[in-house]
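First, one chain by itself: the form predicted on its own, in structure tokens.
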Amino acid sequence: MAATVATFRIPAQISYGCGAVETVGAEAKRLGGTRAFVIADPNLQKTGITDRVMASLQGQERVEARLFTAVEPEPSVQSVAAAAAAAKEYGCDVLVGIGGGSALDTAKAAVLLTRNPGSLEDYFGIGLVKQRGVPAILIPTPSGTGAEITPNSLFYVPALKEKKAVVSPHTIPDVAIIDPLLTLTVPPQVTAATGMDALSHAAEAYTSLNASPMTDLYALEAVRLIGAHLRTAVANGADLAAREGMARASFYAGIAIGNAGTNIVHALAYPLQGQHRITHGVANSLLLPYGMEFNALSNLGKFAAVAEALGEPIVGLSPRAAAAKSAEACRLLSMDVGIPQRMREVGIRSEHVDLLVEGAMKMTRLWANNPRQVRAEDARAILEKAL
């Protein structure tokens, strides 16, 4: 049988390491920037991180910079339109995004709208962006979303009460800067949710139908790193070794989903985000063990490998029992870091399930990548089990 052809995309340059954020000014200048527009999570101003970014940019000869912090959590199309309008009004020729997934997705949307006509809604879907925007540099502060690596960005559409995705290689940044020191100020609750989100990325990518030998390398190592470091990063945020391990895990998981994609967990979680405004990280984290449990039958070897990478002893177990350990390991980790275990803990009740199932079954892009066929009745059973 002929091997499947796999496409592998990552940013043109990745700068990684403690202190890497200090290179942002030099990178902006190298990209030809003279007017840098910086989209930042507003909470970063209290930490001094945005001051360091602005100083690095403005310290370059003939480089000006303007800061924009009106970033919404789980950004709506309206908030993104405001950011894009401000970037264009400033006449930016390089754009820097810094923060969590919300800030980075806002930055990715603003970049594409600098050189593509129309509104963000015109680009919901796969491969609809016609050309790259101005050069972009993305810098994550929490470890989890992988937005600095992937071609995906997510936005809330209030009129539909849905999250919509823009998926295009044109939104992958020119430079990703990953600095573990920036994660030291991330609070435990956010560290837990984003870290479990990274685990969902890694586990789903590893077991997806679009997985390849290249993505498997990154995905399984991300799982191992998360199993080794997330508990410590949540319990003691000042532990730099744990923070560095989680920064690498998020980065690797982002490479994995950017090329292999996600499936069951994200498909079930998106309606929680759109209909009930549950944050992306919490929604994915909560549903991860349930999705893993359902999918385990599809590839016993791979799910057993996930369990082993998370530290579960599988020697001597049957293939089925070893694969089942993957969901158990995810559930135990999520409990240890304080993730809600049931949807009722975040306000979801039985009367909400019908609309959640309806919303989930619309995620055809994700279901096409799932290793086990999922019918509406399957989705219902999983969600009811998670209540």
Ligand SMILES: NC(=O)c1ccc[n+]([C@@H]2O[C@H](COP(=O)([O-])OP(=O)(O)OC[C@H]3O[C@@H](n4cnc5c(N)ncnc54)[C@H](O)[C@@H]3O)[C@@H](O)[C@H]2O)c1
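Fair warning: this is a prediction, and the values are worked out from it, not measured in the lab. A residue's number is simply how far along the shown sequence it sits, counting from 1.
Not pictured, yet referred to below: the form predicted in complex with the ligand.
Q: Even though the ligand is not shown here, does residue 69 get within 4.5 Å of it in the predicted bound form, heavy atoms only?
A: No, residue 69 is distant from the partner.
Q: Closest heavy atom of residue 49 to the ligand in the predicted bound form, within 4.5 Å or not?
A: So residue 49 counts as contacting the ligand.
Q: Does residue 60 reach the ligand in the predicted bound form if we count a contact as any heavy atom within 4.5 Å?
A: Taking the distances in the predicted bound form, the answer for residue 60 is no, it never comes within 4.5 Å of the ligand.
Q: Using 4.5 Å between non-hydrogen atoms, is residue 27 touching the ligand in the predicted bound form?
A: No, no contact at 4.5 Å.
Q: 100, 135, 245, 274: which sits within 4.5 Å of the ligand in the predicted bound form by any heavy atom?
A: Partner contact (heavy atom, 4.5 Å) among the options: 100.
Q: Of these, 40-48, 319-327, 355-363, 333-341, which stretch puts a heavy atom within 4.5 angstroms of the ligand in the predicted bound form?
A: Only one stretch passes the 4.5 Å heavy-atom test: 40-48.
Q: For a quick check, can you give me the residues of 178-196 that have a heavy atom within 4.5 Å of the ligand in the predicted bound form?
A: Counting only heavy atoms within 4.5 Å of the ligand in the predicted bound form, the contacting residues of 178-196 are 182, 185, 186, 187, 190, 194.
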